[in-house]
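In the form predicted alone, a lone chain appears below as structure tokens.
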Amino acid sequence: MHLISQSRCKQLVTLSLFSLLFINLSAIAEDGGALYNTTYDVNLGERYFERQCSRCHGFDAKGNDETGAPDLTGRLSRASTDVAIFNIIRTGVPNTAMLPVAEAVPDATVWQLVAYINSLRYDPDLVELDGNPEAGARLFAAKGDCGSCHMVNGQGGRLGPDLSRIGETTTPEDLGIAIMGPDEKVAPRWWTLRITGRDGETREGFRMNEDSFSVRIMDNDSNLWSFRKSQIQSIERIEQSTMPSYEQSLSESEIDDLVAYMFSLRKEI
């Protein structure tokens, strides 16, 4: 039988207490979001977002096609839990523009940012709409002729945004605005450029990409045209949408149906 000295006994007790404390701290870190989900925390998270995150994700948090920053108001593709969101903010995403927050930023601030991001989303199953999705689908395909420009699940045109999962990122109110007033907010990806080259020929198309030295457009026949800016005689940027307004051509109930259909478009789980 071996006797343990009093000093050794104290050391073991200290180590045991430290281990228990470490386990508890780890548990708190994993569940930290629950500690920072009040309205006050959401407001502080919003302030931090506007200062540090809006440069890429936009003040409305709907993302930016130019930088590749994703929309944070719908389902997040890289994170399904608060802890996962926290870890992305804290450590960043390798090989992307998503950099980690500074080490000096306290965990509490990151959790408040998580709380704010959570506040931007809602459960679409709890949204009640007046329209009928089945009737909206028929309108989309026939009277609205939406498929000539928009693609849904691989079917349709390329002259407008792919709508296959539009219901995940856009509220019914914004869908209604897009249908009745498409010029209100047009993403740079869908601006039209009218370019005249040195040969005097003018071509027009969607602004696919642009940098300091070149620009590329896609015309209405889906042909791609690339220009070096040093060879451009003139360039006109048209920021209005090429999509027509349906405010006069569709009744209120038909617009409700079309909104209901588009809001139903999301990834099946």
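Every value quoted in this text rests on a predicted model; they were computed, and no experiment measured them. In this text, the rigid core denotes the largest set of C-alpha atoms whose superposition between the two forms falls within 1.5 Å. One-based numbering along the sequence shown.
The same protein also exists as the form predicted together with a small molecule; that form is not shown, yet it is the one meant from here on.
Novice: So in the model of the complex, does Ala79 come within 4.5 Å of the small molecule, heavy atom to heavy atom?
Specialist: Output for Ala79 is yes: heavy atoms within 4.5 Å of the small molecule.
Novice: Any of the heavy atoms of Leu258 lying within 4.5 Å of the small molecule in the model of the complex?
Specialist: It does: once the small molecule is placed as it appears in the model of the complex, Leu258 has a heavy atom within 4.5 Å of it.
Novice: Would Asp107 show up as a contact with the small molecule in the model of the complex if we use heavy atoms at 4.5 Å?
Specialist: Asp107 lies outside the contact set for the small molecule.
Novice: In the model of the complex, is there a heavy atom of the small molecule that lies within 4.5 Å of any heavy atom of Arg216, even though the partner is absent here?
Specialist: No, Arg216 stays farther than 4.5 Å from the small molecule in the model of the complex.
Novice: Consider the chain as shown here, without its partner, and state which of Arg237, Arg47, Lys229, Arg55 has a heavy atom within 4.5 Å of the small molecule in the model of the complex.
Specialist: When the small molecule is considered in the model of the complex, the option within 4.5 Å is Arg55.
Novice: Name the residue from Arg121, Arg138, Lys185, Arg198 that puts a heavy atom within 4.5 Å of the small molecule in the model of the complex.
Specialist: Answer to the contact question: Lys185.
Novice: Given the small molecule in the model of the complex, answer whether the residues Pro70, Cys146 and Tyr246 all have a heavy atom inside 4.5 Å of it.
Specialist: Yes, each of Pro70, Cys146 and Tyr246 comes within 4.5 Å of the small molecule in the model of the complex.
Novice: Taking 2 Å as the cut-off, check whether the CA of Thr109 shifts that much or more between this form and the one not shown after a rigid core fit.
Specialist: The answer is yes; the displacement is at least 2 Å.
Novice: Do you see a C-alpha shift of 2 Å or more at Gly92 between this form and the one not shown, with the core held fixed?
Specialist: Yes, because once the rigid core is superposed, the C-alpha of Gly92 moves 2 Å or more between this form and the one not shown.
Novice: Once the core is superposed between this form and the one not shown, does Glu50 show a C-alpha displacement of at least 2 Å?
Specialist: After core superposition, the C-alpha of Glu50 moves 2 Å or more between this form and the one not shown.
Novice: Since the Cα separation of Met262 and Gly58 moves by 3 Å or more in the model of the complex, tell me which way: closer or farther than here.
Specialist: Note: Cα gap between Met262 and Gly58 widens in the model of the complex.
Novice: Please say whether the CA atoms of Gly181 and Thr67 come closer or move farther apart in the model of the complex, knowing the change relative to this form is 3 Å or more.
Specialist: Here the pair is closer than in the model of the complex; there, farther apart.
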